[in-house]
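Here's a solo chain for you in structure tokens, the form predicted on its own.
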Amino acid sequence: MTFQTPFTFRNGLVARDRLVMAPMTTYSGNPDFTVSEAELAYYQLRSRSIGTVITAATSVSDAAQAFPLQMSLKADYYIASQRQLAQTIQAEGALAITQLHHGGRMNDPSLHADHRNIVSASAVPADRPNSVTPRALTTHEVIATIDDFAQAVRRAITAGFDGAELHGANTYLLQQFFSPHSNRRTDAYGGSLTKRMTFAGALIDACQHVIATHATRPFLLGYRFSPEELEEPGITLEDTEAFVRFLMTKKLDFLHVSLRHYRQSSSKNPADKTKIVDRLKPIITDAVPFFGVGGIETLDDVEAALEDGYDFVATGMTLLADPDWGVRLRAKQLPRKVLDVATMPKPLYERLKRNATYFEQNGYTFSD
């Protein structure tokens, strides 16, 4: 089975297989944003049978916090807690990758008493009900935000992680700088398509400098992106093709596309039936490992995604319900589809239950 083939990254790190735990918010940290015991148990269970784990979105500053009880690397205080998380994952044989995150205009406003701390590329609210109009970051603050990410990478290195993923997807701050909907700037960080890539480029450069300066063993740096936005104006697939070409110049260790389904085509143009992977893989070629996600549950899904051109396959929902997903794949068994409060933090389970209809429509049941 193809997914069992180990993968050696160009810096020498080895993933024991092609299976990835997709990053999923847990809403279950301690009140001081350190990692809770329940989260450690949750990750330990899911690290046993897959090769790579990407953690929940981890905030890089006070202004970055988007979710209740979101884990953090915003200060050196958090290194010890994050070291526990990295070691818990690695003890089960998986690579531990932290996902570094800033919510920008998508921050939960109830977490920010002063809404001036909800910031973005420009003062443009998200195109959804009850959105807060963010404050546009000044040029000085943009540079400081880039440093927030770079310092979080330094802390991740000190904590012993195998790598970091920059969260440039799912409408959060990094995507907000690339999006023509949220970025209306007229300085070096906005305007043309090329200028809307400036923030990502400067961010990657700063993080790579930190890795070169501080890492004493191989450390991966990846970038996650969403290929389209439904907003007008919004990111188009043509924009993303140009962006991926740009990212390919930055010598990243992996790219991770965020999709609802690994074989989906354009959401913006239903007449375009070309699979997104078929548009992006010829640009990426085999130069950089390509992570795919979305609707991956069964062995057939895994093998089909790898055949389509992804180098790694990630799943979130399947691993929520079945911590032993990798074991079942090797046994050619279907995954378990029961969301069990005994295998995840209670706050996460309760949030999932609030969306019970969605999960039940997809064949999942709950343990109570």
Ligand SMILES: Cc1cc2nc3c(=O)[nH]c(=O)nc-3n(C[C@H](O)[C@H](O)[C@H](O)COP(=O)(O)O)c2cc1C
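Just count from 1 along the sequence shown to find any residue number. What you see is a predicted model, and the numbers here were worked out from it, not measured in a lab.
The following text describes the form predicted in complex with the ligand, which does not appear among the structures shown.
- Looking at Phe9, you'd find every heavy atom of it more than 4.5 angstroms from the ligand in the predicted complex.
- The shortest heavy atom separation between Gly316 and the ligand in the predicted complex is within 4.5 Å.
- The ligand in the predicted complex is not approached by Thr145, whose heavy atoms all lie more than 4.5 angstroms from it.
- Taking the partner from the other structure, the ligand in the predicted complex has a heavy atom within 4.5 Å of a heavy atom of Ala57.
- Within 4.5 Å of the ligand in the predicted complex, a heavy atom is found for every one of Asn170, Gly295 and Leu352.
- In summary, among the residues Val302, Leu320, Leu69, Ala66, the only one with a non-hydrogen atom within 4.5 Å of the ligand in the predicted complex is Leu320.
- Among Gln175, Gln99, Asn183, Asn107, the residue placing a heavy atom within 4.5 Å of the ligand in the predicted complex is Gln99.
- Only one listed stretch (210-218, 114-122, 131-139, 257-265) carries heavy atoms within 4.5 Å of the ligand in the predicted complex, and that stretch is 257-265.
- Although the ligand is not shown here, in the predicted complex the stretch 6-24 places heavy atoms of Ala22, Pro23, Met24 within 4.5 Å of it, in sequence order.
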